[in-house]
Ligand SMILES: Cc1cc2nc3c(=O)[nH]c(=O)nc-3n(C[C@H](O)[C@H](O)[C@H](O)COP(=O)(O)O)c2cc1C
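What follows is one chain in structure tokens, specifically the form predicted alone.
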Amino acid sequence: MDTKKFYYLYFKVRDEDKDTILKEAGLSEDEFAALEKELAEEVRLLKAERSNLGPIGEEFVRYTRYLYEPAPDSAKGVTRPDAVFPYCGEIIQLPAVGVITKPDLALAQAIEQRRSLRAYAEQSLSRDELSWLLWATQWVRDFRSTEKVEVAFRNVPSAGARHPFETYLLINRVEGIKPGIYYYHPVKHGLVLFKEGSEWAETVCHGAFDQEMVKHSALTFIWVAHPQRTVWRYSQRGYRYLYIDAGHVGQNLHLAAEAIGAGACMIGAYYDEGMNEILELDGKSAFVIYMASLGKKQLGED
């Protein structure tokens, strides 16, 4: 879904007048007329669903309490999900985590100087630095697989070691790697080209509600949740853990960025339909859960 459609729907279901929709969605008269026909049924359904919504947050917390918890699939003999769902393709190997030089910035200093950084130097990241950032966030340090359970231990906490995320990267400036969107293979510690081209920076920026730092970053992390990995063990309460796990990953990225003279900004504001479409996700069995732009600090930046 492109941004024009999104904003048309956003304001239409709120019963904004035509002039407001034309302005806010950046539509021409012809585009507006076409969307009126194309999205009439979707507008009707959205309005009906919105009118039936209760206090969603409160209901989510209430119905994921243990008192309401049904038995998880793991207790019913349902086949365990795979711990990694790799996007297939030729692997661009990154420097091995055992040979890269790991920065020695003191943890206390990294914590103290961490800030959300939205402006970056034009400097590229090295492959070693990219390897370091992925090591700190989603690299698989131990993989175990049996018929009953499969786990992929990483350098961040995750409920039950379920680690429900896959990592995609919008790469703008990394030495020796062409711009585009890449999938990170956490077991093979390499990248697989997903969509090539510098133009994807603009597309992902639009998906993040035009937050300009995405276009000017060295790279932007995009984490995709596969909820069944966690729900298989924890049933519906597992959805709580998805968002807790996302926080763990984000903090590790922040601290790892500080160690290489870079900074990050976590991104929770994106429109789901657009970002899921970019990564060809169905929005249910897999969906974008968190993002983060990252780049080198400008001179004089603490």
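From a predicted model like this one, the values you see are computed outputs, not experimental measurements. Note that residue numbering begins at 1 and tracks the sequence as displayed.
Below: the form predicted together with the named molecule, not depicted.
> Here the chain is shown alone; which of Gly268, Gly26, Pro70, Gly57 has a heavy atom within 4.5 Å of the named molecule in the predicted complex?
Replying inline: Only one listed residue qualifies here, and that residue is Gly268.
>> I need to confirm a contact call. Of Gln211, Asn172, Ser131, Thr137, which residue comes within 4.5 Å of the named molecule in the predicted complex, counting heavy atoms only?
In response: It is Gln211.
> At the 4.5 Å heavy atom threshold, is Lys215 in contact with the named molecule in the predicted complex?
Replying inline: Contact check for Lys215: no, nothing within 4.5 Å of the named molecule in the predicted complex.
> Given that the partner is absent here, does Ser116 sit within 4.5 Å of the named molecule in the predicted complex, heavy atoms only?
Replying inline: Close contact exists here: in the predicted complex, Ser116 approaches the named molecule to within 4.5 Å, heavy atoms only.
>> Taking 4.5 angstroms as the heavy atom distance cut-off, pick the stretch from 273-281, 61-69, 42-50, 259-267 that is near the named molecule in the predicted complex.
In response: Among the candidates, contact is made by 259-267.
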